[in-house]
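Just one chain is shown here, as structure tokens, and it is the form predicted on its own.
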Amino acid sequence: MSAFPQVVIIGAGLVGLSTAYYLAREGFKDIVVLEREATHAQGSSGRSAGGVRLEFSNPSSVRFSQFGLDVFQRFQDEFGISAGFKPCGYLFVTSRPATIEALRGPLAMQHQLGVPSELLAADEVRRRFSYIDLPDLAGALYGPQDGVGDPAAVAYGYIRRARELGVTVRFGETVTGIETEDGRVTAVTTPHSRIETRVIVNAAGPQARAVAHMAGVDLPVLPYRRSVYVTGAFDALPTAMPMTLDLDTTSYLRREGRSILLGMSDPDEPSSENVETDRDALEKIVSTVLPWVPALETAAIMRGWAGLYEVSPDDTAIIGPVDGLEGFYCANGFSGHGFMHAPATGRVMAELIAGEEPFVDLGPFRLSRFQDRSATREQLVI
């Protein structure tokens, strides 16, 4: 065994565990995952709504989703546990004709990559999805291969396989410092230990900016609360329905067994680490959803929870090495897409650290895009 771990990964959420697994599968030894919580996937990963979709604005994000979808579909074979993936589809509705026109470019790109997404006219939306009652509906983007999975099951599959391959996961280890020398990382410190290493992966989710700051890196990622609620058994909506999202209001809903799960991204919500639910958030979600799905008026809310999105300025992840600091890698800022993109992120991180060419072009995910002004905002984000 070497005198120091080859890789220290900060964060035992889905992205960190996926990275650990693919590194171990690549043949790396002495991988240590540090997690401040008492067990894995206790942050954003454990509070995810579990969406998996192929419709994005840049081809790299589409390919990330395609890889993730394939992993989830064959998860049982590789990890010995089902990912709980259900192919319910995704439906993005809008009342703005300009939004429909803006989606034609990404749609053509998606088709070139083999994604069977389609733009639906308003009449077609109403015929196929009659629960949508939006008088000025302009149309929708529909992804029939999309669906939802079980983040807890996926996290368990990753951590179990990673440990079988020799990965060490240390819980209750809050990172308190990152040491550097001559432009490269040298060690990670916690209240319990100092770990010498030449490779650090920041997979700290909502705490990513604070972790990067310890290394002298300015990472433009901020945490935002996102609240989700689930109704009691509710039969007034179709038994089989897609994850349905209103691009104009950022509200969404889907089936959760006999119940309905609903939420939204509140543009007025300030950045914070608050994960408490409150009546104001619930009332705002309900008042936003009811105008386009009025059948929900008779539903009773049974429970709710809140998690944190780690949001980047262009709603696209920051993945890869940091210029000027050798050995420091980011896997952050997924802006609500961390579950679906965790498998591909783990694979490309392993490829980068191994000195291989990543299987996907990481240009759209470079941290430096914010300095050279090459960032382009993701159009399909909730």
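In this text, all values refer to a predicted model and were calculated from it rather than measured experimentally. Numbering starts at 1 and follows the sequence shown.
From this point on, the text means the form predicted in complex with a small molecule, which you will not see here.
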{"property": "Partner contact for residue 266 in the model of the complex: the small molecule, 4.5 angstroms, heavy atom", "result": "no"}
{"property": "Residue 48: touches the small molecule in the model of the complex, heavy atom cutoff 4.5 angstroms", "result": "yes"}
{"property": "Contact flag, residue 349 vs the small molecule in the model of the complex, heavy atom cut 4.5 Å", "result": "no"}
{"property": "The small molecule contact in the model of the complex: residue 142, any heavy atom under 4.5 Å", "result": "no"}
{"property": "Region of this chain that lies against the small molecule in the model of the complex, out of 351 to 359, 322 to 330, 35 to 43, 22 to 30 [heavy atom, 4.5 Å]", "result": "35 to 43"}
{"property": "Contact test, all of 226, 309 and 338, partner the small molecule in the model of the complex, heavy atom 4.5 Å", "result": "yes"}
